[in-house]
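What follows is a single chain, given as structure tokens, in the form predicted alone.
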């Protein structure tokens, strides 16, 4: 079931939660709505579900405009962050609830419950109450209950937000495998970038009620549409500077192979922490001398802080490298090194210039 969101706007009082939002969810895809708090992602999910009515715009399922249709006729499955299971019902009874509301036969209900118990890896737990389950098990029961009536669309509102990190990681991989098996058009809200990029076929980034960018995870990471997306996605160093007839200049670094401007233009350079490498020699203007002032190993990577020493306007930068690289170069806190920028994106403040990279 394809979903088209066309020019949808929604306000709460004077607060514009959604501002002429356009989003397309292709049939059978798993799409993540990603953005900071207050960006409009949960409101958009509720508009799709029919729990909120847009003031302008249209919600279209397939070829049908469902903007004014009530929740019960949209045939959507909804899973909340805190499960919302019926505490007095067993696992099997929770899963069967939607089928009984629709007056499915006992045989049909039993067959569907058994199918979902197996699919959700809940075998042996059918008679347990929610209080007797782990958080991950309760979330799988909630998913099974949402899927039981065979919805056209599955909507997930931060489904793993209440779980600890390890369970959350396991469940999102399980969700990806599940989606590959059932191919139900799925939209889920998350504030976790890693979760969105690992699970989704497509990511929609929202900010202040507007879509900043929509596309495949790799496209968004490698080709951010604007400064907000670049800054929001990943660990980024932001340096102030300008573009002039010689090139682009930021805190002691000069990038000659980027835009040049007859009139100086104020700009910002965005450099991901993984796009900087440490080397012993100073070979060009895209590297600068300095000292490693902080280092902390986090599993297979080492996160460091590099402080340039030759420029009065230089800013410290976060640099992330592999543990093998850290050890092979015999690096340590206090070591004098050169930090070389391998990749940068520059966004001038004047709108007539496009973003710049090399």
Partner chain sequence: MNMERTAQMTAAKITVCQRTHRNPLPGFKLSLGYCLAYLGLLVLIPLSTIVFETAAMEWRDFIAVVTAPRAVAAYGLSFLGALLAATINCIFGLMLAWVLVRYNFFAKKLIDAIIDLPFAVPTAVAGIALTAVWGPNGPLGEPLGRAGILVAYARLGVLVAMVFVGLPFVVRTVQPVLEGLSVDVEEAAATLGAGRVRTFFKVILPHLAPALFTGFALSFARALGEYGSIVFISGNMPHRTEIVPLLIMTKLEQFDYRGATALALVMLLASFTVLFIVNSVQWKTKHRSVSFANVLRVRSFLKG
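Numbering follows the first chain given and starts at 1. From a predicted model like this one, the values you see are computed outputs, not experimental measurements.
One more form of this protein exists, namely the form predicted together with the partner chain; it is left out here, but the text below deals with it.
Engineer: Could you tell me which stretch in 224 to 232, 105 to 113, 170 to 178, 67 to 75 has residues with non-hydrogen atoms within 4.5 Å of the partner chain in the predicted bound form?
Structural biologist: Looking at the partner contacts, the answer comes out as 67 to 75.
Engineer: Just to confirm, with a 4.5 Å cut-off on non-hydrogen atoms, which of 316, 53, 27, 322 contacts the partner chain in the predicted bound form?
Structural biologist: Checking each option against the partner chain in the predicted bound form, the one that comes within 4.5 Å is 53.
Engineer: Would you classify residue 16 as touching the partner chain in the predicted bound form, given a 4.5 Å non-hydrogen atom cut-off?
Structural biologist: Judged by the heavy-atom cut-off of 4.5 Å, residue 16 is in contact with the partner chain in the predicted bound form.
Engineer: Is there a non-hydrogen atom of residue 296 within 4.5 angstroms of a non-hydrogen atom of the partner chain in the predicted bound form?
Structural biologist: No, residue 296 stays farther than 4.5 Å from the partner chain in the predicted bound form.
Engineer: Can you check whether residue 118 is within 4.5 Å of the partner chain in the predicted bound form, heavy atom basis?
Structural biologist: Output for residue 118 is no: heavy atoms all beyond 4.5 Å of the partner chain.
Engineer: Please tell me whether any heavy atom belonging to residue 210 falls inside 4.5 Å of a heavy atom of the partner chain, as the geometry stands in the predicted bound form.
Structural biologist: Close contact exists here: in the predicted bound form, residue 210 approaches the partner chain to within 4.5 Å, heavy atoms only.
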